[in-house]
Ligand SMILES: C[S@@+](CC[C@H](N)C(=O)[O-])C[C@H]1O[C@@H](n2cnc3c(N)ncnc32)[C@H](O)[C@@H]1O
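Only one chain is shown below, in structure tokens, and it's the form predicted alone.
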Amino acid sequence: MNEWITAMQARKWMKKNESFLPIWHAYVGVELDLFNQFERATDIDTVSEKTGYPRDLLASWVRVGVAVKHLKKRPNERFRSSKQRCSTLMGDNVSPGIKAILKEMLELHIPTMLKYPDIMRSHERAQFDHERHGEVVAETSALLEHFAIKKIIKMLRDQRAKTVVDLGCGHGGYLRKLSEEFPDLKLVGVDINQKVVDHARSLSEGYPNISFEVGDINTWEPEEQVDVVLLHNIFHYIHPDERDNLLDHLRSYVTHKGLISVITPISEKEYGHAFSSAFNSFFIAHDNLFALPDKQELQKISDHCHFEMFDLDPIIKEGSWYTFWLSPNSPIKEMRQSTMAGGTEQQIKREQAELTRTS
């Protein structure tokens, strides 16, 4: 009887593994351009001969594809990619966002999570390789920032900003979007990764109001004070004990009425608890990545550095990603009759009351 119970319990856990297969199958298919190879119904031998991939491995990938409905079986042992399910993984313009997400999950997050037993036993944490993975992370960060672009554009108009600095700018996609809206705005991107900056420059050649610099955000300084600083998806690169130092440093070159735009996942239970916990587990498994902040920490840092934090808003609830503003002034006092980027004074007060309560 005990053996039967053990077998049934194992069977339940085996069943849970099925949810991983679509992600793995999509990742392999995109990396090896296999969905395009099967765009029209064809057999495994033909694709194996054309690509040089081993037939047995290719056949195994095809069988999984049929099982997860990424591929459809046709007469005479031919197979075709499902356009309904995989259209964003096919063609000349495979979605760069999906490709980046798959790559980051399968090459970064999951391998690190599988090393957890070794890391915990040895006390030797992984090392995040900025040179190797910086461009993929930049791509996924750009995806997340997309959900806050309207809010930031509105604030820039309200502020009548003249200069914007994007710290950890990645490929500069955010700056290019802002340039299209504000062709006279001076835009500066700063990133620590030379390869990422080089790529950003090449992508931004047609945008004369954008420039890029290689620099460490903790020490880099502009030639003159700036109106708005974008601090997006940065906190997990900064040790918790150093985050207030970073904000103090930014305060030294943000204008008196300037703003800092922050986007970050937050460690909390209200939204996206599973995802934020997983992100946190990935970050703290590295010796050069750090735990996500929670709302209480953010409020504490803001108070310590004499910033006003307002308009805290979840932009991707399932991932617990938030956006908010930091001001060296008190926009709540100075703009009592204004609507700030979609957040009314009453909303701001409610958010501050909630933060005070949770503190």
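In case it trips you up, residue 1 is the first one in the sequence shown, and so on. Everything numeric in this text was worked out from a predicted model, so none of it was measured.
Beyond the structure shown, there is the form predicted in complex with this ligand, which is absent from this document and is the topic of what follows.
Asker: All three of G168, I234 and Y237 touching this ligand in the model of the complex at 4.5 Å, heavy atom to heavy atom?
Answerer: All three within 4.5 Å in the model of the complex.
Asker: Can you check 146-154, 177-185, 130-138, 84-92 and let me know which stretch has heavy atoms within 4.5 Å of this ligand in the model of the complex?
Answerer: Contact criterion met by 130-138 only.
Asker: Here the chain is shown alone; which of E224, D118, E205, D216 has a heavy atom within 4.5 Å of this ligand in the model of the complex?
Answerer: Filtering the options by heavy-atom distance leaves D216.
Asker: Out of I101, A161, A142, L108, which one falls within 4.5 Å of this ligand in the model of the complex, going by heavy atoms?
Answerer: Checking each option against this ligand in the model of the complex, the one that comes within 4.5 Å is A142.
Asker: Looking at the partner-bound form in the model of the complex, is N193 within 4.5 Å of this ligand by any heavy atom?
Answerer: Close contact exists here: in the model of the complex, N193 approaches this ligand to within 4.5 Å, heavy atoms only.
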